[in-house]
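Presented as structure tokens, the chain that follows is alone, the form predicted on its own.
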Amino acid sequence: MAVGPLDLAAGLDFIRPEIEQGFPWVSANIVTAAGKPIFQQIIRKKAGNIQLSITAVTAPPGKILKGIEVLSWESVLPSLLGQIRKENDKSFIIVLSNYSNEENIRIAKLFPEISLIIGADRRKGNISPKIVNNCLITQTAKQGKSQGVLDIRPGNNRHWGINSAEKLVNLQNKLGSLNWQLSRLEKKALQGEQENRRRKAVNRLQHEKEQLTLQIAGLKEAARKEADSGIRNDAFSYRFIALARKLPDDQATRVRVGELNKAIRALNKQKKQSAGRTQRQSGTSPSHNITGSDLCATCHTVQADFWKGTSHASAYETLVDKGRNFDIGCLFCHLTLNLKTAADTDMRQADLLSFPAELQAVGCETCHGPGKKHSIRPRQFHLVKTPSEELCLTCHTEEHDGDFNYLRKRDLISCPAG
């Protein structure tokens, strides 16, 4: 299990009991302030006569963690991979990474000795296996939306090839289907334009048959050479299995998660109180150039009155009703804030927890942009009139709004006065 940035959110003391009990956490680049590794850097396993060496690289967390330092992968992988190769130069090396897919490609290009990178890029969905510099890169979508199954047939020279036997069977099955289609078409006797279309279809299928026959012959020859040489490449096949959206809860897990969420909300409540005291003492506010819908209403009365009747206006209240107003993951989409700026700057948790009461709703500026400059010089500084679909999808994700239709939802909340 690779250690991710969110696994460290509650601090090292929260995760230390699991380390002591032998839970297989792994991370090559998380160290103490003194530079000592906190987790296992390499987990070694045997699969038949194949040595597996599993390591992980953890992306930097969004905030500084006391007593924990996350080193760059560039500083740890060269020596670590060298150590693995020194132990066994035929080791099948697996790297678990929660860096971006682009960063994983960089890693693959620099270290061809890595056999497999399993990613966890939250911005991406399922990534079909792709070979980069003899390294296979793949991942499944976040939050258990799919099950990824990767079947690997290890060879003996740590080089990715093709599973000749499996591909041969697939091509022979396809050839059988083509022969059946051809036999049906060749038995037909048609007239005029229909006959022209039949002949074109026969010609196309015969061309495909010729190409398939050549591919099958090539695969048979490759399999023969592989058998003669004794050199077998690593090969793989894969599939993604979409999981049902709604599955029955495991009661014990549900209770445990409920207790954990309750503890997290209590911690966040303390953080909010602490952040509120800090802001009162310093006079700062996390809302930056956001003024609040009350100020907007001084000029845009009709629009503000309409907004008060929409679900956006009561978005924060729904969290309060469900006891979720201290859940960091929910607040981002239930407050008045500049979604683009907050996403780009990774707004701190304390900021979200300490938003003032007048901004505890999805207010005007969430969709139209920060209004401070506009409120001072309205003729000079204009706001966005119609929010883009991209902005709406920041919160109206498939997970939270499965039937979201931009045009329909936009019409429901469009201000009657324009």
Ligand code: HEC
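In case it trips you up, residue 1 is the first one in the sequence shown, and so on. All values reported here derive from a predicted model rather than from experimental measurement.
There is also a form predicted in complex with the ligand; it is not shown, and the following applies to it.
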Q. When the ligand is placed as it is in the predicted complex, which of 66 to 74, 53 to 61, 23 to 31, 368 to 376 ends up with heavy atoms within 4.5 Å of it?
A. 368 to 376
**Q.** Close approach of residue 364 to the ligand in the predicted complex, 4.5 Å, heavy atom
**A.** yes
Q.
Is residue 326 near the ligand? Define near as a heavy atom within 4.5 Å, in the predicted complex.
A. no
Q: Give a yes or no for residue 319: in the predicted complex, does one of its heavy atoms lie within 4.5 Å of a heavy atom belonging to the ligand?
A: yes
Q) Does residue 395 make contact with the ligand in the predicted complex, using a 4.5 Å heavy atom cut-off? A) yes
**Q.** Selected contact from 91, 303, 233, 134, since only one has a non-hydrogen atom within 4.5 angstroms of the ligand in the predicted complex
**A.** 303
Q. If you check 81, 96, 107, 335 against the ligand in the predicted complex, which one has a heavy atom within 4.5 Å?
A. 335
